[in-house]
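In the block that follows, a single chain appears as structure tokens, in the form predicted on its own.
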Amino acid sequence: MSGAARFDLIVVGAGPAGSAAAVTAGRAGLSVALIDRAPFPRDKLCGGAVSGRAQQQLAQVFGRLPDDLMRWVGRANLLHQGHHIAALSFDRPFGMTMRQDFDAALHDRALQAGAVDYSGRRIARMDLENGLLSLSDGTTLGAPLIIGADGVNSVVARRLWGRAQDPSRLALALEVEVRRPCGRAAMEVDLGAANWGYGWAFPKRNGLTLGVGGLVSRNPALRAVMEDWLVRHGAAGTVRVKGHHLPFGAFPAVPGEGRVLLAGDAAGLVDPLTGEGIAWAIHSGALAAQAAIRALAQEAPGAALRHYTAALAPVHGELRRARLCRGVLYARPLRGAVARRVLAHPGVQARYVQLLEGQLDYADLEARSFLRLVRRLALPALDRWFPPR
């Protein structure tokens, strides 16, 4: 791979994580090559609900985005297995967006920050040890550091470790975009629509996004669940169902190897309880770029992964706590009517809203008191499984 175009940093993947990395590095004066296999705008299967937590990260990294990217929805109907539990209100409304438009806007910001656009080109060869990538059009790029932000099926992670994710710990999401006028004022979330997962109905400017998702290992009949979900929302047989995998609680303790850092879904950074991925993608992309900036300023690119791992530790801590909460809320004793009793408690609802808005972290939940609350609410069922001593 001789005659490479040289950069300070190569970013593979130009979604929220990759664009955040490119914006952060570009504004700090680094030369950045931004690669994506698809040209923008491009389709992206995703619910497209931008939470308050994600909005905080967007503002910090990208600044104000065009108003027409979002439909603002400040209410949600919370259900469990079709039973209505509560109507929730958010101080900071969700921004309901189409990922095709949203990702294109972030990609534009990255290019405005100075990143060189290599979208629409696949990676043909990788020499990660020497920081060299050869693209499908014959272009060769080189840099002392590479950030892999290329999603759950990351080619960068596969090159490092042989596979991008542990398939036994992935979730599967099935989704449709119903293109018709949508007068809904509230989104819908059913925390019992799938095993160890949930269903969603998100109103957009020009339609409705319907989907279900859950751990693959616990949902062998997820397509049948999706058909029932579409029937419930009057959309059966109207559009083709699409599916994609996503990380759901498993992540590598060290997010990369050598001079390669992984961010976003490529690093397994999706909340296993709420499904939040956009916020952690943006945050981790920015952290990876900051680690690269620091290491290059020290003329020690090999230190970037150490800096990044340390910066990402609080995020890993949050995801571990989320995994613990998921295990409690989806435990077998809490199914059916018991789960509905727990979810109907105002304290549980308030914490759920605050988590989504970014006002509360899992570390703030005071896990012991939260678990005591769940036990008290579900006591008759739990005592059959865990008799008091």
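Just so we're clear, the structure is a prediction, and the values are computed from it rather than from any experiment. Numbering starts at 1 and follows the sequence shown.
Another form exists, predicted in complex with a small molecule; not displayed. Remarks below refer to it.
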In the model of the complex, do 17, 149 and 246 all reach within 4.5 Å of the small molecule through at least one heavy atom apiece? yes
Taking heavy atoms only, is residue 62 within 4.5 angstroms of the small molecule in the model of the complex? no
So, residue 90 and the small molecule: in the model of the complex, are they within 4.5 Å at any heavy atom pair? no
Wondering, does residue 308 line up within 4.5 Å of the small molecule in the model of the complex on heavy atoms? no
I'd like to check something about residue 352: if you look in the model of the complex, is any of its heavy atoms closer than or equal to 4.5 Å to a heavy atom of the small molecule? no
In the model of the complex, which of the listed residues (58, 32, 356, 46) lies with a heavy atom within 4.5 Å of the small molecule? 46
Here the chain is shown alone; which of 99, 233, 109, 316 has a heavy atom within 4.5 Å of the small molecule in the model of the complex? 99
Pick from 269-277, 218-226, 162-170, 80-88: which stretch has non-hydrogen atoms within 4.5 Å of the small molecule in the model of the complex? 269-277
